[in-house]
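Shown here is one chain on its own, the form predicted alone, set out as structure tokens.
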């Protein structure tokens, strides 16, 4: 296999089998694992503690039975899946779990948690323009640091957090560059591969992920560009899982040239700014976050941002991946739809449900959508 094929195969293996990937990382580094629920958390504090942050985003096509005892039927499928997995003991080997509170379901996940590992719940302030919001978030992060120190039996220094910030910023920058380059190579980086590369980031040491991403980017840049005869789209939403949805895009020669997904590009959108006090640096990163339904933005900058992305990448359409029962995303959709219609941007809304078992309706809708171009 070529280097590109080897790297892609490794990334897909990590994304497809997180448990094995985490075990391999722990065997290599000796690090304990700490879970991080969607969507944002100060992973740098976990990394500074000498632990491996692990993304907990549920499992596509996971059958739900026990979780309905603790969550209402209208909780989003990601939370349903996480609850089911914790009841099955999937997260019992984690040393702790970080839970932010950006939506109504996540606000009570800490109280409902049934796993054996301790839960560390914190709050991101939503009135983010105030300096007092930064002060508040620093205090929240102090509590997170203290709880992690107790759970892991370590001391987390400011110096260690600053070093972790450097590691994470380097990873964000490397991933952003990869995404820019990958947009020119849809024949190589198809929707399924693209998602696997982004998802693998949740289960690898960030330094290792950075090294792999940089190598992959360099290999792509050395390849000749080829004209793409299919369609190009931008995905927006929380996540584009299950993979069966992405396979349908691939089936109809649809390339994902950019995304605004909470599970993917939003994770690397904003670097932690420079500064001396690491917790304040992390707080200001949240203040600088933009274009996300889970980070209050009265001006709705997400809407012109996506429209600009269409022009920048020469996209033929936008696909709105509407996570089932996700209120923040549902609030944004009518506004975005109205603006795209005004600008004559082709768009399609697909309801995303991790527990979906049949995809024929989605296949029919996407096929019809493509034929309308």
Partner chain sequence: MSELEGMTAKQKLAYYQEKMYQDALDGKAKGELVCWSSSIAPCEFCEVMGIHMIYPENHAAAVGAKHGALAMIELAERRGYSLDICSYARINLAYMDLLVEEAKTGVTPKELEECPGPRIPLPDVIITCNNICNTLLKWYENLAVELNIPYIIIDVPYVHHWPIPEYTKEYIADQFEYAIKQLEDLCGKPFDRQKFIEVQEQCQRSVNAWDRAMGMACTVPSPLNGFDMFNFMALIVCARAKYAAEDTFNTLADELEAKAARGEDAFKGGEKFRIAWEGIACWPYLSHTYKSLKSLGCNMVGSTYPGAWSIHYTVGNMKEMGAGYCKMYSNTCLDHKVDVISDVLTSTSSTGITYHLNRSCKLMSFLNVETAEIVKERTGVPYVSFDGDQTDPRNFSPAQFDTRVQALAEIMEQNKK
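What you see is a predicted model; the values in this text were computed from it and never measured. Numbering follows the first chain given and starts at 1.
Omitted here: the form predicted together with its partner chain. The next part is about that form.
The closest non-hydrogen atom of residue 89 lies beyond 4.5 Å of its partner chain in the predicted complex. In the predicted complex, at least one heavy atom of residue 140 sits within 4.5 Å of a heavy atom of its partner chain.
The closest heavy atom approach of residue 70 to its partner chain in the predicted complex falls within 4.5 Å. Mapping the unseen interface onto this chain, residue 27 falls outside it, with no heavy atom inside 4.5 Å of its partner chain in the predicted complex. For the candidate spot formed by 19, 58 and 358, no residue has a non-hydrogen atom within 4.5 angstroms of its partner chain in the predicted complex. Picking from 305-313, 322-330, 27-35, 43-51 the stretch near its partner chain in the predicted complex, with a 4.5 Å limit on heavy atoms, gives 322-330. Heavy atoms closer than or equal to 4.5 Å to its partner chain in the predicted complex belong, across 109-128, to the residues 111, 112, 114, 121, 122, 123, 125, 126, 127, ordered by sequence position.
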